[in-house]
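In structure tokens, one chain follows: the form predicted on its own.
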Amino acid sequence: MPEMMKAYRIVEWERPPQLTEAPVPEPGPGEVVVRVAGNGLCHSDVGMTQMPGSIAEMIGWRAPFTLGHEVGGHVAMVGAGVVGFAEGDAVAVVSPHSCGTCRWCVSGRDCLCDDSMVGRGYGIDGGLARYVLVSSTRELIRLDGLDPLHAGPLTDAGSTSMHAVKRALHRIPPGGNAVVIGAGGLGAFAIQFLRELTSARIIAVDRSANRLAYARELGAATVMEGVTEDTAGDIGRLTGGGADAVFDFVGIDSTIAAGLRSTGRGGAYALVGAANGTLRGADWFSALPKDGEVFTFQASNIADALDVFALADAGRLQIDIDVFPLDRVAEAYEQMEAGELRGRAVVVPD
């Protein structure tokens, strides 16, 4: 009988996940097993639990599997042929999976790899357990003094936000203006990256007064409460014609419409939030920023993660977490969805 461990798993599609048991993984050739110090929670986890099984299986996901794709920890076991890592090394696990050999991977755009549709915590076992299997050392980042407990959120929330900011940097001139809609987990990181990488005035928009106070703490110069019919006009007047970059970390109808209207000529609108919003009642010719760009994505590249960890190692990022034991993981998700947390929820194994 294999050794067993507690794990929070999708056991059956369209049913709540269960805190149950799973086998402790053993590494094969080239593989590494990481003992989890902390796993950050993500809103996408909740979406997975509500996904129809027919769609999930079309993607390539197979239940049961353990949730969790924001992992920091220590190397526990190494498989044959592994070089560069040894038992006890502090590591973070890159969130998106990728093959490392396709044209996207070899050009540094690994978030576009076909294999990225299935990965740890989304289709195969992730980090809401004591141990997680990592199929390749290219998906490990050695930590240089950063506590692995704080590392997990940087692998997805941090890296995805970095990807968005880097995509729009060429649109933000010195002294320009950048808008962050949704100052939650990803938006809070985006504010810090804009603070570190640009001289732009940062405008944060959120419906929560607590999140707006937090945004100011992180570097936002101006805050606006909630998206309303006046939001785009207010931003236009404040910026003298519209923002150079707008980052929408919500992605509902109202934020998409307001975000596009808030984007100035030559600016960029980045749709990062995955709330399945649409743009209604407007023709695209007038809705899109003149000579600007609109882009969307759901992941980051390994290079983005390396940039994030470089900032963290230099002490230039504030990483706030709310820690929960694995036995309280369902409560952690509830508090996250209710917007009751200051930082990123991080679950530690019992």
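Residue indices: 1-based, along the sequence shown. Worth saying up front: this structure is predicted, and the values here are computed from it rather than measured.
The protein also exists as the form predicted together with a small molecule; that form is not presented, and the subsequent description refers to it.
- Shown here without its partner, the chain carries F65, D125 and V134, none of which come within 4.5 Å of the small molecule in the predicted complex through any heavy atom.
- Within this chain, S98 is remote from the site of the small molecule in the predicted complex, having no heavy atom within 4.5 Å.
- Within 4.5 Å of any heavy atom of the small molecule in the predicted complex lies no heavy atom of P153.
- The small molecule is not drawn, but in the predicted complex it has no heavy atom within 4.5 Å of L143.
- The closest non-hydrogen atom of T239 lies beyond 4.5 Å of the small molecule in the predicted complex.
- You can rule out all but one of 134-142, 153-161, 85-93, 115-123: in the predicted complex, only 153-161 has residues with a heavy atom within 4.5 Å of the small molecule.
- Shown without its partner, this chain lists V36, A305, V32, C42 as candidates; in the predicted complex, only C42 has a non-hydrogen atom within 4.5 angstroms of the small molecule.
- A heavy atom within 4.5 Å of the small molecule in the predicted complex is found for exactly one of G184, G219, P148, G176: G184.
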